[in-house]
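What follows is a single chain, given as structure tokens, in the form predicted alone.
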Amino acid sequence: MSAAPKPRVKIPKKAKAGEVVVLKTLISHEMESGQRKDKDGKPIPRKIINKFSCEFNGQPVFSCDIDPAISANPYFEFSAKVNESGTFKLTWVDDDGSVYTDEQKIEVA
């Protein structure tokens, strides 16, 4: 059994009010499509992250559904306008129902 995926998130620690910041995320995950077979010819079960979302202070910023065709270790980069200090909450949902989260604070002056 493999270890739980560890998300890596890069978000600025500080920003000016009204600034657009770039958020970068990468999560280590095999993203097995379910279409390959093991050395004995048995199908390898599908195991992908199928949803990703980001909220800022509880409000949605970005979300997407992920299909089996995405590569291992999915990377996302997107922007968000920040008007106040707060917390970005990023969430990844796996086929098996596992949920991986990361929270990052940003200070707005």
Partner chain sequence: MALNRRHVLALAAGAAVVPALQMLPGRAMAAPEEASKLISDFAGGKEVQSGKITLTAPEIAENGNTVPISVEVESAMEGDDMVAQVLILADGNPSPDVATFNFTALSGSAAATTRMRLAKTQNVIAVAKMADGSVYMDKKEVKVTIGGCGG
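Treat the numbers as computed from the prediction; the structure is a model and nothing was measured. Residue numbers count along the first chain shown, from 1.
Same protein, other form: the form predicted together with the partner chain, not shown, and the subject of what follows.
Novice: How about Ala17 - does it come within 4.5 Å of the partner chain in the predicted complex, if we only consider non-hydrogen atoms?
Specialist: Outside the cut-off, so no.
Novice: Please run the contact check for Pro45 against the partner chain in the predicted complex: heavy atoms, 4.5 angstroms, yes or no?
Specialist: It does not: once the partner chain is placed as it appears in the predicted complex, Pro45 has no heavy atom within 4.5 Å of it.
Novice: Can you tell me which residues in 51-74 come within 4.5 angstroms of the partner chain in the predicted complex, by heavy atoms?
Specialist: Lys51, Gln59, Pro60, Val61, Phe62, Ser63, Cys64, Asp65, Ile66, Asp67, Pro68, Ala69, Ile70, Ser71, Ala72, in sequence order.
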